[in-house]
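The form predicted alone is given below as one chain in structure tokens.
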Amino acid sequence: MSLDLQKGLGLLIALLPETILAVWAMALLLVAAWTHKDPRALRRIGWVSLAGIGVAFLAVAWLWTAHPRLEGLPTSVAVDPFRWAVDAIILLGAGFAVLLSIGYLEREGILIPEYYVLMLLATVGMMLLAGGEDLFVLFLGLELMSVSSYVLAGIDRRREASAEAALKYFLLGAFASAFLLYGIALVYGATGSTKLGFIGFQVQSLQLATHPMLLAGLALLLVGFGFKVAAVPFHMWTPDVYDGAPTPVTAFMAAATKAAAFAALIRVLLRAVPLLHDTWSPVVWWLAAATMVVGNLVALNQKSLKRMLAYSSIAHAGYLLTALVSGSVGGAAAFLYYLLFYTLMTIGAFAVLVYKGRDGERTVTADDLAGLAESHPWLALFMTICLLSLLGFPGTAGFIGKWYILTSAIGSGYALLATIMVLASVVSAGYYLPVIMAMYMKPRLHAEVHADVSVPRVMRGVLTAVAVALVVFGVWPSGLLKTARAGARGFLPDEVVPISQGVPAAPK
């Protein structure tokens, strides 16, 4: 299938998933205006939102299998397997978060139908962020995602912690957006364009690798993206925001938001400034090392499971940065593979908190899960699989993902960073394993302690599928690894070799 993005029809087809979700959200907004404070209507809106995400997922699958090719000059939207893969991951995370929200909002008294509209709009922003080939498209997607997320974080207006989370997220997010926008202005001033492909061409043809304005713009872009992916030292907002937001929103931000921001970052680095690899790779190296070390060490000291998972997500941002530092096809493939299972196991762990906790789940500790395996063995087994996969235990998809990242880092000459990643993963056992030990080795405080834990039938099926996927792809990962490699190769031009070598290969 050939697409001409200079024509309206071609651009509409290229943006079909985002268009579907945006129209769906606008229709839901009209419905929500008439259904305030009606729990049954709120549930219906949740299911309709999930249907919209499903239709958008089918559109992504159709575009992915149709292998569209661009005619004419490239425009502001990417049409490649990397975009479809990240879009699929974002939609999986969004669908999972919507499923968690159905029932949760009613239980917690958050009777706000616009919640689902905001979640769909945030998803549209994430997909634009992941598929933008122009810095302004990336910025528009980032702002749509961010503004929706600010409101979602503070949507539980009865709790001070939720309002505090929204305020902190908004203030620090505004500073990060300013850094990003100023960086875009400097990059435009140095290269004369905001299109990623043309920026790369200008850097090579005009020999701008040492241009001070371009380097300053790239530095500001890294600061802005560093905030969005919660990399140290731009992570300070993460624990408080994740802790104060409703748990389904926390899961949504920890997985889907991070996936979109990382996808935009890797697209900027590998499309716009690949020839500056020697300049930006040391920065990404230190960001990755600091993020892994700080995230894991601080997580050790957390009593609340929600804050522990927040710092765990910071540590995993370091693992994903390790995949990016090589600037290679193998690193991009490792990023895609690990991103998929990071999304599943992170939202899965938060799902157990949703069904175990109450009042925002801020006070749930490992001791509160004591004896869960005795009263709810299936739920304890699911939580165990998610935590072991987050740890990188052999036989889980998390282990294969981390192994793939380590292989790409070592193969590109970053053995020290790979060593730091291994040691950081070992440290993470200090906060994952005590939760498992509490579920299986500690007695219940009393017979009725887990009596209020109830998982809906649909959600039981979804969680079972997630657990099976984490185990199956931890044992037989080859098929999905091939898909990840194909997505990464489709993202990079045919004439480009692993960028860490810095020398174009001969055309095929």
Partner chain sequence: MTGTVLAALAAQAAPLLACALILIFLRGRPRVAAGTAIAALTVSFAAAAFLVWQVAVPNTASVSQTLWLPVQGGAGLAFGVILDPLAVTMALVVAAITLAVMVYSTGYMRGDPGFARYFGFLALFGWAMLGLVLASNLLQLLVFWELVGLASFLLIGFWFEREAPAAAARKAFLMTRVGDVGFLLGVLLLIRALGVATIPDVLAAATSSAPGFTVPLVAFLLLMGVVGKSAQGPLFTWLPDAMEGPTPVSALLHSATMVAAGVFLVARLHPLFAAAPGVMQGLLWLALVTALASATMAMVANDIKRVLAYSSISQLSYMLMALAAGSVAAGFFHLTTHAGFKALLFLSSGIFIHHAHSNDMREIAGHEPLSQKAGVIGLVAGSLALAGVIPFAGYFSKEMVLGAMGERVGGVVLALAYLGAGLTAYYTFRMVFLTLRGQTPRRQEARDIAPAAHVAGHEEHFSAAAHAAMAWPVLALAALTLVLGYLGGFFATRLSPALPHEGPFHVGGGALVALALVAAGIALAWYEFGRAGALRLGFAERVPALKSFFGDNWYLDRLYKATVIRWTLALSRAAKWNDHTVLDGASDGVAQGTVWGGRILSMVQNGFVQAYVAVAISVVAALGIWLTRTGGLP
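Because the structure is predicted, anything quoted here is derived from the model rather than measured. Residue numbers count along the first chain shown, from 1.
There is another form of the same protein, the form predicted together with its partner chain; it is not shown, and what comes next is about it.
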| query | finding |
| --- | --- |
| Options 83-91, 142-150, 165-173, 342-350; stretch whose heavy atom lies within 4.5 Å of its partner chain in the predicted complex | 165-173 |
| Its partner chain contact in the predicted complex: H376, any heavy atom under 4.5 Å | no |
| Proximity of V475 to its partner chain in the predicted complex, heavy atoms at 4.5 Å | yes |
| 4.5 Å heavy atom contact, T407 and its partner chain in the predicted complex | yes |
| Partner contact for K356 in the predicted complex: its partner chain, 4.5 angstroms, heavy atom | no |
| T419, T363, Q204, N301 - the one with a heavy atom within 4.5 Å of its partner chain in the predicted complex | N301 |
| Selected contact from V223, L433, A161, I110, since only one has a non-hydrogen atom within 4.5 angstroms of its partner chain in the predicted complex | V223 |
| Neighbours of its partner chain in the predicted complex among 380-403 [non-hydrogen atom within 4.5 angstroms] | I400, W403 |
